[in-house]
Ligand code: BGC
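Let's start with one chain on its own, the form predicted on its own, as structure tokens.
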Amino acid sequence: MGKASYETVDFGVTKYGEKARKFILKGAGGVILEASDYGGKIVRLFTPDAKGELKDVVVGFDSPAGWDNGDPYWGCIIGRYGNRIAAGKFTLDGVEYKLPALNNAPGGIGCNLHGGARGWDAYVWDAEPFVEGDDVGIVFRHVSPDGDEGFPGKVEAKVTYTLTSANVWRVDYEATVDKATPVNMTQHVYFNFKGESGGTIEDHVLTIAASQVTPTDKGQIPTGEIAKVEGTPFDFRKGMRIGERINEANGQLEIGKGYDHNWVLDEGVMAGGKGGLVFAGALECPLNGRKLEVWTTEPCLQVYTANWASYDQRAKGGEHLSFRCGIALETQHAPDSPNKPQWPTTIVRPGETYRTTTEFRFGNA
């Protein structure tokens, strides 16, 4: 086992004129994580294969310019509200709030996606790296003012990345507010265990610990139904190759051009669980033995197979990104929860502290 350490380097200037830094975290277990204070973006993540060889297994860019020129949130902290809010509006305590409704899937009426026109992913956060024993990490802090992107209340957010000697990347989220507001934070990292220029992730084996999924309308907004996955292409309770059924004739797959859906975790509170850290799913690449388990305190998991990404951009290695070049495993509350009172609330009120944790546990066969 090695020694945990970090290095801080310049990362360039964002389109907003903010100077960004990059932190290179070297875990005692061998995993190396490179993250920027620009939206908490994961720039590189090196994990060992079955032979012990390290490779960068996330999709991203070499500088802020890559993200600034348009991207599907590669590796970012997402806030104040991850995923979609229908028509960019919700009512809270009798007051209707209107948000930017910029995202419009074919057939949809627009929605607020991942916090709006400038979500938390597009800010440089205050960041402080640390080493504590065999752990190395970064504490990120950001203050979102009252009225930011139309949301009520000031939010003081804190996100901690910790890389452990057991090759676990833990993400701890916290937030406090001065006025009732929705908060639904997540991490939007995209994995490809063959490397970001390795082609499609359709040959990866995916497991999702969920018997139910929330179907969407044509605008990718949950209808409010909670449907069983049994007998459908959404049943990943036993490990299944992603490409096995992704192109089947199925109305939900056609809406998302593949998988872009929210699963209700069997042990999560939305399915009647008691809360706490639960197994959400796993990802494995049979070609090289890289494996990942996802554990979370969140009730749901959004799985997105990069069906809508822009593939004319070049990856860090200089090659064009391919269709379905990565998979995002976003732990979260269900999309559009502010408009679905029957679902677990995402509203945080003064005096409360929003807390949630997700662990990405890396290994190899």
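For every residue, the number given is its place in the sequence shown, counted from 1. Since this is a predicted model, take the numbers as computed values, not measurements.
Separately, the form predicted in complex with beta-D-glucopyranose exists; it is not shown, and the next lines address it.
By the criterion of a heavy atom within 4.5 Å, H114 is counted among the residues contacting beta-D-glucopyranose in the predicted complex.
Under a 4.5 angstroms non-hydrogen atom cutoff, beta-D-glucopyranose in the predicted complex has H188 among its neighbouring residues. Contact check for F151: no non-hydrogen atom falls within 4.5 Å of beta-D-glucopyranose in the predicted complex. Taking the partner from the other structure, beta-D-glucopyranose in the predicted complex has a heavy atom within 4.5 Å of a heavy atom of R84. The stretch that touches beta-D-glucopyranose in the predicted complex, counting heavy atoms within 4.5 Å, is 297-305, out of 316-324, 58-66, 297-305, 32-40. Here is the short version: of W120, Y73, F193, W263, the single residue with a heavy atom within 4.5 Å of beta-D-glucopyranose in the predicted complex is Y73.
Residues from 316-331 that approach beta-D-glucopyranose in the predicted complex with a non-hydrogen atom within 4.5 Å are limited to E330.
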